[in-house]
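Below you will find one chain, with nothing else, as structure tokens; this is the form predicted alone, and questions on how it binds or moves follow later.
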């Protein structure tokens, strides 16, 4: 058997891509220097894969911001507002990704959404009526030649036409049917160019096939590929799927005149069943996704070899593959200098997954697999019990009753009590929580972690920053304040450090979007609260102002979804363990005089099953009650907020309402406020703060822009239920953008308020 991966992490072992790109944004690196830095990184990544013995090495899996945006740019899917700026190709690309505000004009960024069920965000391509689809880019061709010049043969990776069209937003009159012919001509031209270069394989990623497909969807897919595959070339075509199974189209897909199909046998619950029921085409290669591309636990070779043996009953031509791109795991364990070897032996990051592929290939190719040294070493890891359960935690779970998930009195009664308690003006203004983490904040935290600062000095510095932040918010005129979160490295990692059952890494960064990396903690064992997490700083912030300060917490579903979860217990059990810990923190904040507590759940939608039939039975039926468990014990006058962002929430609005928070803020600015209509249609009872501007862009929104957004909201939402806030936390922004943006937000809200 040969080996393959779907894609490789592009960030770099030391986040080289992030630092180079952000230097370019600041004007400290030229475009040429940025491109050279990227080439250096690609060379390292390709060489690493070649040295591991990998047979199918991907190219064009590198991106400065997002692969779907790369594909759109390749085929000239660039809305007129960006092309009219008259910028260079790279500057236009970044304008679509981040927005642009300068001499050439002022445009917002494209919408950003979660990539299927991951914590990665993609840019939503847009097609307006002026877009002329054609092949204009050379990136995949250039990167193939770049690898070839290094002596490395690669398979170029491109998002397939079906997934591209399914994830694209049409902003005017044109629809998919109007552009598909031109798009297929562009793809065919691209394939011809690859063929002329002597490329052996192309990987067309079609993850959209794992959704529930209608007959119309299936017909559209086959129309695309029957048209695309009419011209015979020497180039072999692999249609690659991931994040689930393709039960709705499997039988027909294996009959297409293509050379290989990639299936996910881990998240694809029915992939093996489909193979057993319908078999596999004798003229095709099966790229079998059996190495987990989303989690960091060591592969169990015994289980995987048994799975591959079962697969081989139905086809002999198998390539051992990852379940998805390795983009979703950290780069290498080699940089984890402080993680004990007893822990590390259980993990595999991207480089180690290359080793696993090599091991499996060697074991299967040997005359006596179970005697192979790599097999024996792996079996030894799984022989012993990894953790000892926490008896107290297990006891709490067993004692849960329905009452623990129900807050009383009901929402309508609480709302009246809270209106009287807070007496906020119409359209109360606030932020989502974090304020810019400036260099001095990061330096202070790093010095404390290295032991160069005492705890007292560290905390005193943070309190000085909190005092500055409170004064700033008072001066701007915000109604509900936050302490700024200067003590937090990350909204999940910080909480994990105060909970028993977590492990932490030094360099295990994973891309969330663009240049933004996160370092997910690892859930190792049963979870409980070790100590108060946010109480001291929240109480201090409230003590220095007469205005209301929100306590800021991360919710259990987000902590679970933004960590590397355990694989030995159900997600539901892990989430309830975390919920108990955060519940203790909520009650502690309330007991210490914090009257508004925000429990953020930006990742609620993230693990929603990709098939609607599984939404409630496999996820929402326990995820929503888990959130309610966190806040069900607070008093009626305590106001519970939550926040959600960068996912499509329109179809689960009733479930979000059922979370029974008092106020929910949503990302809305990048999606053109489409959620407002869904809230209105669902009769949403919860008070709501749709984001009025995009914090992931460096541009500063004008007062008029924010007033326009608020006016649109008020057309569909009651003025008594509307809050005014940015669409996410401000941690990643600079003060030079944050302060004028918030000043404009407050001025816009007051102006609208005065006219109501």
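Residue numbers count along the first chain shown, from 1. If you superpose the two forms and keep the largest set of C-alpha atoms that fall within 1.5 Å, you have the rigid core. Model, not experiment: these values are computed from the prediction.
Missing here is the form predicted in complex with a small molecule; even so, the following discussion is about that form.
With a 4.5 Å cutoff on heavy atoms, residue 724 does not count as touching the small molecule in the predicted bound form; it lies far away. Mapping the unseen interface onto this chain, residue 434 counts among the residues with a heavy atom inside 4.5 Å of the small molecule in the predicted bound form.
In the predicted bound form, the small molecule sits beyond 4.5 Å of every heavy atom of residue 691. Though the partner is left out of this view, residue 631 does not reach within 4.5 Å of the small molecule in the predicted bound form, counting heavy atoms only. For the options 127, 97, 491, 266, the one in contact with the small molecule in the predicted bound form, meaning a heavy atom within 4.5 Å, is 491. 485 is the sole member of 245, 485, 657, 590 with a non-hydrogen atom within 4.5 Å of the small molecule in the predicted bound form.
Comment: 599 to 607 is the region of 599 to 607, 518 to 526, 617 to 625, 455 to 463 lying near the small molecule in the predicted bound form, near meaning a non-hydrogen atom within 4.5 Å.
After superposition on the rigid core, displacement of the C-alpha of residue 433 between the shown form and the other one amounts to 2 Å or more. After superposition on the rigid core, the Cα of residue 696 moves by 2 Å or more between the shown form and the other one. The rigid-core alignment places the CA of residue 727 2 Å or more apart between the shown form and the other one.
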